[in-house]
Ligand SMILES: NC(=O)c1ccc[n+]([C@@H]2O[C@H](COP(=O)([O-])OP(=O)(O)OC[C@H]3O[C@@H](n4cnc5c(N)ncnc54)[C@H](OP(=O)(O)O)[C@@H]3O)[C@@H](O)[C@H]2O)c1
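Next up is one chain by itself, shown in structure tokens, the form predicted on its own.
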Amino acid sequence: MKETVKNIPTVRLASGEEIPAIGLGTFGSDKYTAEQVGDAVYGAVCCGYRMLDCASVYQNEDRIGNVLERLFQDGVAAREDLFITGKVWNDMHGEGQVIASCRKSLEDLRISSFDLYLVHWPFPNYHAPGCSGDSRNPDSRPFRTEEFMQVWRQCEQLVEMGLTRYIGMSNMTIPKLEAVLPLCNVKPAALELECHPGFQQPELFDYALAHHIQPIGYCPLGSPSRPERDRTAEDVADTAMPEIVRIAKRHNVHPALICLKWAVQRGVIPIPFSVKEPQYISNLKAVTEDPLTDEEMECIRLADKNCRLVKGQVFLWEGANGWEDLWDTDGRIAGS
């Protein structure tokens, strides 16, 4: 009998709905098979996870769909118990393609609608899954507000069609958000962003909250299993940060669990991924007990290294200076 974790904290969306304060990521295509990810989803839901973060580019939605069907049939959870996120990939930004992509994901997942559907990256710069870090697509181009809004209008249609309850954005910057938010008929309910103690993005985090957008943090443990193309010699390992290690010893837990406690107490929804049952159970349990003190939260806040791990260099366009251009580090939309 699997251990079931109860009393999972929640966060309140701008709509007033409360959703789980922690979810399970499903990106494992660089290291794990779709079957391994599916097995982890089954086990995690049995243990108490109620939020699943999926994406078409992860190449495992059909397997997860088989698992969801089993979970519903076995009475482990009902569809309405789960908060399921999907995402449109960069090669499906054209007219009508967002809706087609959403329908395909729903078909693969064997559900009738998403709870949240995101624009995975804010431009149509495609790269093949598993490509090398120096891979470049000659058709890549900078962010364009009009182009993004054509994608967002299709997302708004998804809400009207009942194919998703909420829509959101991912991998955005403040300059990009400032360009598009005034044009949105349906405001984003959530924003996925890289977020962990070594890369806290305080300005973007505060901006999202000020605009009633819920932050969802990917790479919440510093992504120790991220693809090789996203690794550089300067990267900071969150679980080795002295401040995190010191606090973990005080709480007698693995440093990874301190990262998750910090995220949930800060107000970010972390979406850690693991195929190992002891890990995904301890990840969930960590946010239900033994909270960090105010002093520990402040210590971690001050430990921010501003170290982005997922740099996205495979999306660069001809003429770009470097991966920093993807993130508008000088305060303006690069290449526009």
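Sequential numbering from 1, following the sequence displayed. Just so we're clear, the structure is a prediction, and the values are computed from it rather than from any experiment.
Beyond the structure shown, there is the form predicted in complex with this ligand, which is absent from this document and is the topic of what follows.
A.B. asks: Any chance S56, P122 and G168 all have a heavy atom within 4.5 Å of this ligand in the predicted bound form?
C.D. replies: No: no residue has a heavy atom within 4.5 Å of the partner.
A.B. asks: Is there a non-hydrogen atom of K31 within 4.5 angstroms of a non-hydrogen atom of this ligand in the predicted bound form?
C.D. replies: Yes, K31 is a contact residue.
A.B. asks: Contact with this ligand in the predicted bound form for F114, defined as at least one heavy atom pair within 4.5 Å: yes or no?
C.D. replies: It does not: once this ligand is placed as it appears in the predicted bound form, F114 has no heavy atom within 4.5 Å of it.
A.B. asks: Can you work out whether R103 and this ligand are in contact in the predicted bound form, taking contact to mean some heavy atom pair no more than 4.5 Å apart?
C.D. replies: Contact with this ligand, no.
A.B. asks: According to a 4.5 angstroms non-hydrogen atom cut-off, is Y42 in contact with this ligand in the predicted bound form?
C.D. replies: No.
A.B. asks: State the residue from T164, S223, T173, Q201 whose non-hydrogen atoms include one within 4.5 Å of this ligand in the predicted bound form.
C.D. replies: By the 4.5 Å criterion, the partner-contacting residue is S223.
A.B. asks: Can you pick out, from V180, V98, L71, A256, the residue that has a heavy atom within 4.5 Å of this ligand in the predicted bound form?
C.D. replies: Of the candidates V180, V98, L71, A256, A256 is the one lying within 4.5 Å of this ligand in the predicted bound form.
A.B. asks: With the partner removed from view, which of 105-113, 140-148, 182-190, 215-223 is the stretch that lies within 4.5 Å of this ligand in the predicted bound form, judged by heavy atom distances?
C.D. replies: Stretch 215-223 is the one.
A.B. asks: Where, within 271-306, is there a heavy atom within 4.5 Å of this ligand in the predicted bound form? Residue list please.
C.D. replies: Heavy-atom contacts within 4.5 Å come from I271, P272, F273, S274, K276, Q279, S282, N283.
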